[in-house]
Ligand code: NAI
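Below, in C-alpha cells: the form predicted on its own, a single chain.
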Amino acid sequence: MEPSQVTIIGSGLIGRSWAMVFAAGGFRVKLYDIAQEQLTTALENIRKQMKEMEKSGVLKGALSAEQQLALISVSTDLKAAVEGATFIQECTPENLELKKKIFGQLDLIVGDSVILSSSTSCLLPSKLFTGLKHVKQCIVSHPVNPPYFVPLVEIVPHPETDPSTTERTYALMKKIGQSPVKLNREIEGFVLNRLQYAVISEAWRLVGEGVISPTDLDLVMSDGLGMRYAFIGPLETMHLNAEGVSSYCERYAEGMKLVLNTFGPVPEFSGGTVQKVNQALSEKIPVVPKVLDARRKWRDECLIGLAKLKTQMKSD
C-alpha cells in the first residue's frame, strides 16, 4: 500500500507525532483540526521538533527536516482534508461519542477504498465502527505515546473489518518504520494496556501493602525487568531462562501459581496509596510544568538512544 496522501484527524500530541512519522516515511500529510490556531501551533511544534532532531542527528527518514515539513499541510475543512487520502488516522480525545461523531462524518464523505483508522487506546472497534457503511474499511491502529519514538502499533479489527484492511494497514505501518502487531480479535485494553495494567496493578498493591517504596518499585522495573524487556518479551525470557519454554514450565509452574494465587483484587487507585505514590514521585519530579516537560524531554532522548541501539544491534 503506497498512498500519496494520508490524513490525520486531530493536531494534539498523538496527531502531531503521527504526522511526523508519515512525513518521515515520505508521505504527503494533511493535518485536520477544527481551529486554525490549533493547527498553527501544531506546525510550529512539529517544525521545532524536527529541527532539533535533525541537529542532533536523530531525525527519521531519508529526507531533510525542510523536505519533511514541506509534505505536511493543514486544513480546517474535513471534506477538503480527506480528499485524495487513502489512509485516515483519527487522533481526537479519548471520548467515545466524539470519535463516533467523527467517524460518522467520515463515513458520509469517503470512498470505498480509504482505510479509516483510530488511535484509540481502549475503545473497542465494535463500539466505534458498528453501523457505519464503510465498516469493512475500519480498524484501530493504537500507537504507543509518543509514536515517533516508540514504534509499536496494535492493529485491532472490528468483527466486520475486511482482512485486506488489516493487511494493508500492517504493510503501511511497516513501510513507515513502525512495529505493527495484529490482534486476531478485539479485547478490552487490547494487549499493551492489559500487560501495562497488570504491572501497574501489582505495583500498586506492593506499595500499598508497605512491601516496598514507590521509588524502589520503579527501580525494580527500570534496572531489573525493563533491562531485558527492552529487547525481548516475557515469553522469550521464559525460553532463555531454561532449556526452552517446556523446561521453564516444568521447573517453575508450581512456584508461579503459588505466587499468582497471592495476588489481591483489583486496586481502587484511591486513598492512602495515591498520597504515598504521589508524594514520592513529586519529590523526585515536582508537579511543575517546566520540570515535567524537562523530564519528558529526557525520557524521549532516552527512547531515541535506545531506538538507535536496537537498530544498530539488528544490523549487526
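Computed from a prediction, not measured in an experiment: that's the story for all the values here. One rule holds for the numbers: they count along the sequence shown, beginning at 1.
Not on display, but discussed next: the form predicted together with the named molecule.
A residue is said to contact a partner when one of its heavy atoms sits within 4.5 Å of a partner heavy atom; residue 14 meets this definition for the named molecule in the predicted complex. Proximity of residue 119 to the named molecule in the predicted complex falls within the 4.5 Å heavy atom cutoff. By the criterion of a heavy atom within 4.5 Å, residue 178 is excluded from the residues contacting the named molecule in the predicted complex. Using a 4.5 angstroms threshold between heavy atoms, residue 166 stays clear of the named molecule in the predicted complex. Heavy atoms within 4.5 Å of the named molecule in the predicted complex belong, among the stretches 266-274, 248-256, 28-36, 55-63, to residues of 28-36. In terms of contact with the named molecule in the predicted complex, the residue from 236, 94, 83, 107 that brings a heavy atom within 4.5 Å is 94.
Applying a 4.5 Å heavy atom cutoff to the named molecule in the predicted complex picks out no residue from 213-233.
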